[in-house]
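One chain is shown next in structure tokens, namely the form predicted alone.
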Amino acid sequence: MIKLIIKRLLVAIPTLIVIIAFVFILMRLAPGGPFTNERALPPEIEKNIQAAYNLDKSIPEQFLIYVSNITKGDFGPSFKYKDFTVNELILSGFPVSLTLGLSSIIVALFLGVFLGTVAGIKRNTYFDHIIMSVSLIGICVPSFVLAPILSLFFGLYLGLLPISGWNNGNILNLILPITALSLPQIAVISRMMRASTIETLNSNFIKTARSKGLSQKIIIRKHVLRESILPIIDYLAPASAGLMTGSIIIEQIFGLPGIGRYFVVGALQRDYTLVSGVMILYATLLIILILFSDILRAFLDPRVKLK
């Protein structure tokens, strides 16, 4: 297991460095700048501001300074949120984004696996057709389209749920954003789980288990689920990436004070350090999730060697 973790980290660290460099360069290639506005500043003031944020140095020098600060855990000051560092902004919004993303992942995995398994066991029945039809709609409709529809129906027409605000993490305020984020992933996971379940049920070792007289419940619980869920484990990291990037838009739609709000504002106003800090955080979380899925896959599948 230690060898597996070390091997993955040896790949993850250079990948993270490439992502940092890509985000750093991309932000500086964007037109405009963090201090570009309608009212031109006097040359002396603009020069002092550039020097204060190391923007008067060459791009390679800026990059080395930035990487040096990151290794110390310092993402630097925000260019637009005065008197705030990027670390402070991330710490204030990360709990909200983490709650939203983690809850969506759990809901998507639980419901997707359950519905896909039932559809695979009861294939070609009305239940199977209904699940697959609904899942197809869920795949076609993105979360940023689904969110306004849910708000309009459950919030404005029926008045059952609040359509915006955090309210200290009240569960009622989380239902709509979590639903909008998780439904497309539930659709994908359920279809994957159905196909995997059908394939597993037709495999030779399941036929052997039946010939030994094992009941259907035991076969499904001990053999089918363990084998069928392996493709879902592999899909966990890409699904998490989709939820994390989708949460940026969902937080804006539902007025949640998460990292997504800072990311959007920072991108529009060319807040280099803020956008880079959020992207590095998301990339790090994704790498950790990929490592977690690899370890979990190794535990569940004896064919994967732990080295």
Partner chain sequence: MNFDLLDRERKEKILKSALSVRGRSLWSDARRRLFKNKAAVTGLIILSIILLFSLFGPLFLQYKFDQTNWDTIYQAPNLQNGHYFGTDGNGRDLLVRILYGGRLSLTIGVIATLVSVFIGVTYGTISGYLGGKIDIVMMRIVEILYAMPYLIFVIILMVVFGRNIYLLFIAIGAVEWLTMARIVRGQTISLKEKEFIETSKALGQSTFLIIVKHIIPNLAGPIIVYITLMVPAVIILESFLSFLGLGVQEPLTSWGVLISEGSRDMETAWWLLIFPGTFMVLTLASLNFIGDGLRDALDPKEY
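Because the structure is predicted, anything quoted here is derived from the model rather than measured. Positions refer to the first chain, counted from 1.
The same protein also exists as the form predicted together with its partner chain; that form is not shown, yet it is the one meant from here on.
Q: Select, from the options 105-113, 150-158, 72-80, 85-93, the stretch whose residues sit within 4.5 angstroms of its partner chain in the model of the complex by heavy atom distance.
A: Stretch 150-158 is the one.
Q: Just one of Leu225, Leu172, Leu98, Leu136 has a heavy atom within 4.5 Å of its partner chain in the model of the complex. Which one?
A: Only one option qualifies, and that one is Leu136.
Q: My question is simply whether Ile130 lines the interface with its partner chain in the model of the complex - judged by any non-hydrogen atom within 4.5 Å.
A: Ile130 lies outside the contact set for its partner chain.
Q: Is it the case that Ile295, even though its partner is missing from this view, gets within 4.5 Å of its partner chain in the model of the complex, heavy atoms only?
A: No - in the model of the complex, heavy atoms of Ile295 and its partner chain never come within 4.5 Å of each other.
Q: Using 4.5 Å between non-hydrogen atoms, is Phe144 touching its partner chain in the model of the complex?
A: Yes, Phe144 lies within 4.5 Å of its partner chain in the model of the complex.
Q: With a cut-off of 4.5 Å between heavy atoms, is Tyr272 one of the residues that contacts its partner chain in the model of the complex?
A: So Tyr272 counts as contacting its partner chain.
Q: If you apply a 4.5 angstroms heavy atom cut-off, which residues in 266-282 are near its partner chain in the model of the complex?
A: Ala267, Leu268, Arg270, Tyr272, Val275, Met279, Tyr282 sit within 4.5 Å of the partner.
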